[in-house]
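The chain that follows stands alone, in the form predicted alone, written as structure tokens.
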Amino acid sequence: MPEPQTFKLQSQSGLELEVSTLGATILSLKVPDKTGKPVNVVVGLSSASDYWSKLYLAQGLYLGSTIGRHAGRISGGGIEIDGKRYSLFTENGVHLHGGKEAFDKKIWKVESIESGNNPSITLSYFSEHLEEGYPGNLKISVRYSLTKNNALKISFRATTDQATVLNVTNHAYFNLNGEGSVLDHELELKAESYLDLDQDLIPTGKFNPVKGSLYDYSRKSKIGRSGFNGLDDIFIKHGKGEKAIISSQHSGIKMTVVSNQPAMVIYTPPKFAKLPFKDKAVFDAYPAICFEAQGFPDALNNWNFPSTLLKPSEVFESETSYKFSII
């Protein structure tokens, strides 16, 4: 496999994005803080080659990587499409984030790089029929663009020659201080419900109301408020628009997540292993938070979930933006 390449984009408003062709991965995203100093708000490693290391791969972190063909967990060891069963790789009975050698471990092709007022980079990958067990030859691209309104926009587009499933997302870990913990970050979620999960974090098919629950962040509050014990949950808000807002009093940075996807996995790892983080950043307990905008995990195994089926006559498109401002 060829060595991964890295590319940088810079906007006129001061955003700077670094992307690797390995997994179409976001290596860093620098945002000016309240003093104008650039802060790397996305957790990444020192170099693209560090993402090959055994230590990193053993953590299962997917730092900033593109996740597919199917983000999240799938139960039952496989899927059924048009009456045909397809077996998928499982570990402890669960298929996770597209399999053993999924999109995050592939070298993506650079299709185009654009400069100017809206700099962007487009990468693509061709996933062959039955790769990781999924049917259909799939062509997928992701476009990272830095917009005039101070946002990172991630746009996915895909087509297939055979009915398959597709649920892609980016697995960036955010810390608006660039180090330490996110427990003092303030979070506001625009979710209506969250999915009930079993002991393997597989959706049971039941929707739970957010209001009045431990997951009720409908009013802005600190992530590490009383009763907080970490998040690894699937929040639902149908339709386009704002999904979440997070801010840090320390850096003064505010980030608004906007997406056309109905589900968003929010994950706060308890800690990070000792890895070679970019700029030698040091992290504490609950070092970061993920906002993985996507379709419903395990959708084909739950009749009442919106389908993630993609047919040859269709074009898959998703768009998620992370918009930055100063509080």
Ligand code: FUC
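Start at 1 and count along the sequence shown; that's the residue number. Owing to the predicted nature of the structure, the values given are computational and were not obtained by experimental measurement.
The next section is about a form of this same protein that is not shown, the form predicted in complex with this ligand.
Although the partner is absent from the chain shown here, none of H95, G133 and L300 has a heavy atom within 4.5 Å of this ligand in the model of the complex. Proximity to this ligand in the model of the complex, taken as a non-hydrogen atom within 4.5 angstroms, holds for one residue of L183, V210, I236, L201, which is L201. Interface residue among M264, L29, L45, L61 relative to this ligand in the model of the complex, by the heavy atom within 4.5 Å criterion: L61. Partner contact region in the model of the complex: 169 to 177, out of 155 to 163, 169 to 177, 133 to 141, 222 to 230, criterion any non-hydrogen atom within 4.5 Å of this ligand. Although the partner is absent here, R73 is a contact residue: one of its heavy atoms lies within 4.5 angstroms of this ligand in the model of the complex.
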